[in-house]
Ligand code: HEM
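Heads up, the chain below is alone and in the form predicted on its own; it's given as structure tokens.
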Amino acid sequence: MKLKLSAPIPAGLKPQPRRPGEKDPGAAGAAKEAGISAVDWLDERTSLSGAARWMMFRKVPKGTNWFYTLGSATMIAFLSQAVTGVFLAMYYRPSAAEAYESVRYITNEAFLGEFVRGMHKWGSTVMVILVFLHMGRTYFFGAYKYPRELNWVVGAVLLVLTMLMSFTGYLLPFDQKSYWATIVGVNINGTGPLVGPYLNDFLLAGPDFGATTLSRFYAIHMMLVPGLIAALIGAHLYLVAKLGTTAPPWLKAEKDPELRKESA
């Protein structure tokens, strides 16, 4: 018994007819052609290929080296933190009574829990190091100058958000070390001029360290800061693709001999 389709299959999704004398491509060839047809169908309605070509296929200055990969490495580190953080959030309980026990369960009993938590813990350190190296490379190569000042500002904000994400994540294991270190850090923030006391109350969710402080840190660490970082990374990549990258400072622009003739 054959099923009747309510609507005919679009021509773009139908397999292409074989040329005379062409052999049957088999199941693998049919699957490949179906995937290409599906991508073409999606691209026809979204035009994403144009944006991908604009982002990926662009001119790169002469002398580009491994220093220019620090930004991409930082983005990969952030993606690793996001993926491992999602898996950790499936078991973590942001409660003063259950946080430590949930972390112990992740580390000792959950399937691959120790591996995932280790990736998240050490990945945060790697991300902080890469952010500072990337900012240092940008500064010493002069990539913050015109017309890339706005991209430098976005990168500086990303640096601050990365440090904030590390600070808020430090409390989540809720052991003695993280508890007292967070109290010291919050008290240091509270000594700042003007906004210090308000920032102190915001982080503690009240005048003192209470039951809701852990939930406040968890919400900032899991939702607020990652969302801001993802949005600013998108803006950062757009500006990089639009304005291009700078050549290393030790390379000088070659003078065109034709211009010398005209100036003479």
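Values in this document were obtained by computation on a predicted structure and should not be read as measured data. The numbering used is simple: start at 1 and walk along the sequence shown.
The next section is about a form of this same protein that is not shown, the form predicted together with this ligand.
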Pick from I106, L164, M127, V186: which has a non-hydrogen atom within 4.5 Å of this ligand in the predicted bound form? M127
Which residue among L159, A181, A96, V83 has a heavy atom within 4.5 angstroms of this ligand in the predicted bound form? L159
Although this ligand is absent from this view, report whether V131 comes within 4.5 Å of it in the predicted bound form, heavy atoms only. yes
Using 4.5 Å between non-hydrogen atoms, is G169 touching this ligand in the predicted bound form? no
Might G123 be said to contact this ligand in the predicted bound form, defining contact as any heavy atom within 4.5 Å? no
Is L214 one of the residues lying within 4.5 Å of this ligand in the predicted bound form, judged by heavy atom distances? no
For the chain shown here without its partner, which stretch in 67-75, 108-116, 169-177, 83-91 has non-hydrogen atoms within 4.5 angstroms of this ligand in the predicted bound form? 67-75
Mind listing which residues of 106-143 have a heavy atom within 4.5 Å of this ligand in the predicted bound form? M127, V131, H134, M135, R137, T138, A143
